[in-house]
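Heads up, the chain shows up twice below as structure tokens, two forms, tagged structure 1 and structure 2.
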Structure 1
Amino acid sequence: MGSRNKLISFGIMGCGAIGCGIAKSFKKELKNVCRLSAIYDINPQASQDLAKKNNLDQKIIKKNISGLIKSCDIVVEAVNASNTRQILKKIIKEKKNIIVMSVGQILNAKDLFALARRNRCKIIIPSGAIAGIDAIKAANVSGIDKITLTTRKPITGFKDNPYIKSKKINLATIKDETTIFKGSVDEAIKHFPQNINVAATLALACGNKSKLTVNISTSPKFKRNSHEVEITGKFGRIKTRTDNQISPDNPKTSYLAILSGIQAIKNYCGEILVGT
């Protein structure tokens, strides 16, 4: 798949906060292990802006998804749209590996994982905006009894959210920490698709989403995106808390989530090079 004389090529699908963050870090963090060969966004101007801002060759801008897929060895998905699963399926059918940033889109996607196995390609899930994923996977070997995620985000992260409007929650009147959601991971992802990919990552790591309860709260006092995770089981107890700087380009995105995508690319390329 790779060689020491030819750098692995990757493409970025989605030129929002995550896609831009990965592209921005390319020359500093990734240029020695891979090359950025393609970018695509449904909004052509977003692709143009990303390329211009990062001094990238305009030739890597692709006009459609097929053009991006053909131009790279591995695709970084950073779309999180209503058709994301269809896009992922298209990539897997072309037998390309994927780093999935919109983890909520694949929580109930056994068909995609089965297709990936048949086509011998990888669906890579970064750790995202939380810590301790390896420990959670290890704990799951003996069984997890309960896992709780408490997410705290600034009020700006929930602006124009349909669920907030349907529940008639007036964000402007909130003065102190207020719980705006408590429920299952499926419901959390349904109502907060732009905010709660970490819940899907946890559900996949623990192997049983019914064990997971999600709490989401907000306050004008919150300046960072915080994720507190507590797990209990035969192994004992784990409790972690990650206080994330928010992305300067999107308050709904944690900066650490972008960094985890960058590290996932580095890990993938490193594994390929070591194996040659």
Structure 2
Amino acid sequence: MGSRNKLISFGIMGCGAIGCGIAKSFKKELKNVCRLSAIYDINPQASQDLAKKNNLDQKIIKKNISGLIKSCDIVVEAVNASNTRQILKKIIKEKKNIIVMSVGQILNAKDLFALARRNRCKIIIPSGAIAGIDAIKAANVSGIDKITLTTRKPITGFKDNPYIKSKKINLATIKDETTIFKGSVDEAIKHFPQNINVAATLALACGNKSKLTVNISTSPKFKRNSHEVEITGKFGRIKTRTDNQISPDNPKTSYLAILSGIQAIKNYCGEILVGT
């Protein structure tokens, strides 16, 4: 057996913006760290395109979820599906660890975490498109009093949003920064599903979602997405702000979210263990 085959093998479930971004890194940043042994997408064309772009062997393209699970040591989930939770359950039932990108889908998934504990599986959540998750987890050891997430997005990000329509907010008349939502993480997820991952990652990191308040604001002056997080507790106060650049390969995804997935893989392989 060649030494490459001894490397930890990863399977990518979902060959969209994030799946493709992460797959690319197996020939760059992750080269000699681990290997990509399987990919699967419900849309066969998406898997074919990913394989072609990255010059991958056809045999790593799997025809179904079971084929992917069998062909790797750990799964990177990057699917955009209504049944993501069931997919994750299937992977954990097979006792495989998972890196989960669709964090919003597991915010209230106590059953999934319980199953993972029983099966001794790890559910790994990358920090995503924000900064400070490491410090929040550390602060949480002695308890967090309050977290506030303020997400700022360009006006175009809210076009056709049903909540905006129901509140009769006229986006065309907004001239300066305007808060269009303030509420709990569950309400934020319900009304602004595009923001679910950042809010859910924070809620899971602080371990008590009732401590988290989500503000969403917009302005014609905002040209890109940014997330400001403020945390107070016994440790003191933290304030972080992340101004996200879109992925060079896909305008609908924050570049940092893809990079955080790659970093989670490096961590898993024992490459970088700072701040975990």
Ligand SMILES: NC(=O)c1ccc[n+]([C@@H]2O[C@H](COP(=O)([O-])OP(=O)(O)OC[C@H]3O[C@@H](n4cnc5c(N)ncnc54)[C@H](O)[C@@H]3O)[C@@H](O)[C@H]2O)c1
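What we label the rigid core is the largest C-alpha set whose atoms superpose within 1.5 Å from one form to the other. Quick note, the numbers are simply positions in structure 1, starting from 1. Bear in mind the structure is a predicted one, so any value in this text is a computation, not a measurement.
In this comparison, the chain shown as structure 2 is the form predicted together with the named molecule. Once you line up the core between the two structures, the Cα of Thr218 ends up 2 Å or more from where it was. With the core held fixed, Ile164 shows a CA shift of 2 Å or greater between the two structures.
Once you line up the core between the two structures, the Cα of Asn83 stays within less than 2 Å of where it was. The two forms, fitted on their core, place the C-alpha of Asp249 4.5 Å apart, compared between the two structures. Superposed on the rigid core, the forms differ at Pro154: its CA is offset by 3.4 Å between the two structures.
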